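So this first bit is one chain, no partners, the form predicted alone, shown in structure tokens.
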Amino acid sequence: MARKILIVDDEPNIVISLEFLMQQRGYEVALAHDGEQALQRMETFRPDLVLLDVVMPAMDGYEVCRKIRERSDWNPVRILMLSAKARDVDVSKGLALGADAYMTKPFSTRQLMATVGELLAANT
């Protein structure tokens, strides 16, 4: 059974690229374009990993991360935050709210896939 990845980003070009990469590696993928949609997809899709953008309208990735971590039934889900916000305080905030990893944009495909693999391996 394919591992499930939820991609949450409001930038269509990034979503298309990430979706292609993850499907190419055999992952089952669902998409969300904002925080509210992400939380709805969490209920129905039950992902193993969330690729979560930080800067989004209405509800940012930090808030989505916090809401995911509030639910004990979602605790096994790994969260990889992806953001152009690269200051130490941004990374620390994401990790403090419960992200398992934080990667700054731009990132390499190799680096992304290695991190995704590590997070999913830790969630078996």
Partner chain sequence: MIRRIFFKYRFWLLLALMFASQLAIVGGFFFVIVADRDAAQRELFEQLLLQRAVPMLLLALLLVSAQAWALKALIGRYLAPMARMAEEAVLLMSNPGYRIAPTGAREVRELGAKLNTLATSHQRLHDDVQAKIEAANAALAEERNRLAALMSELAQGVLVCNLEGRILLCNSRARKLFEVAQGGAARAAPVGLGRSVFGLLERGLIVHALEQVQYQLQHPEEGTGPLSVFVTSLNEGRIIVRAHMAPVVDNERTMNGFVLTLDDITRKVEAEIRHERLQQLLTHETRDMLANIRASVEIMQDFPELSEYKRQQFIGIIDHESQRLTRQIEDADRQRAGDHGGQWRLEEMRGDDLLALLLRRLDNAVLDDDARAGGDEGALWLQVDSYALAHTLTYLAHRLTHEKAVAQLRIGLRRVGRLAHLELGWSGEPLSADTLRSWENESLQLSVGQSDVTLSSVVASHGGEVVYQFDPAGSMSYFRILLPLAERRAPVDIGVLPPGRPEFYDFDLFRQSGQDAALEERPLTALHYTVFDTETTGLHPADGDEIISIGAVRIVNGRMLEQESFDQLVQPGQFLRPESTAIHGITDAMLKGRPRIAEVLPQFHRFAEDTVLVGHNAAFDMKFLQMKEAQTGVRFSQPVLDTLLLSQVVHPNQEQHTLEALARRFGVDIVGRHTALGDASVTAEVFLKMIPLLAEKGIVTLRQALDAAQQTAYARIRY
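Residue numbers count along the first chain shown, from 1. In this text the structure is predicted, and so the values were computed from the model without any measurement.
A second form of this protein, the form predicted together with the partner chain, is not displayed here; the remarks below concern that form.
Remark: Arg41 does not count among the residues lining the partner chain in the model of the complex, judged by a heavy atom distance of 4.5 Å or less. Using a 4.5 angstroms limit between non-hydrogen atoms, Ala114 is distant from the partner chain in the model of the complex. In the model of the complex, none of the heavy atoms of Asp48 sits within 4.5 Å of a heavy atom of the partner chain. Contact annotation for Asp90: at least one heavy atom lies within 4.5 Å of the partner chain in the model of the complex.
Along 85-107, residues Lys85, Ala86, Arg87, Asp88, Val89, Asp90, Ser92, Lys93, Ala96, Leu97, Thr104, Lys105, Pro106, Phe107 each place a heavy atom within 4.5 Å of the partner chain in the model of the complex.
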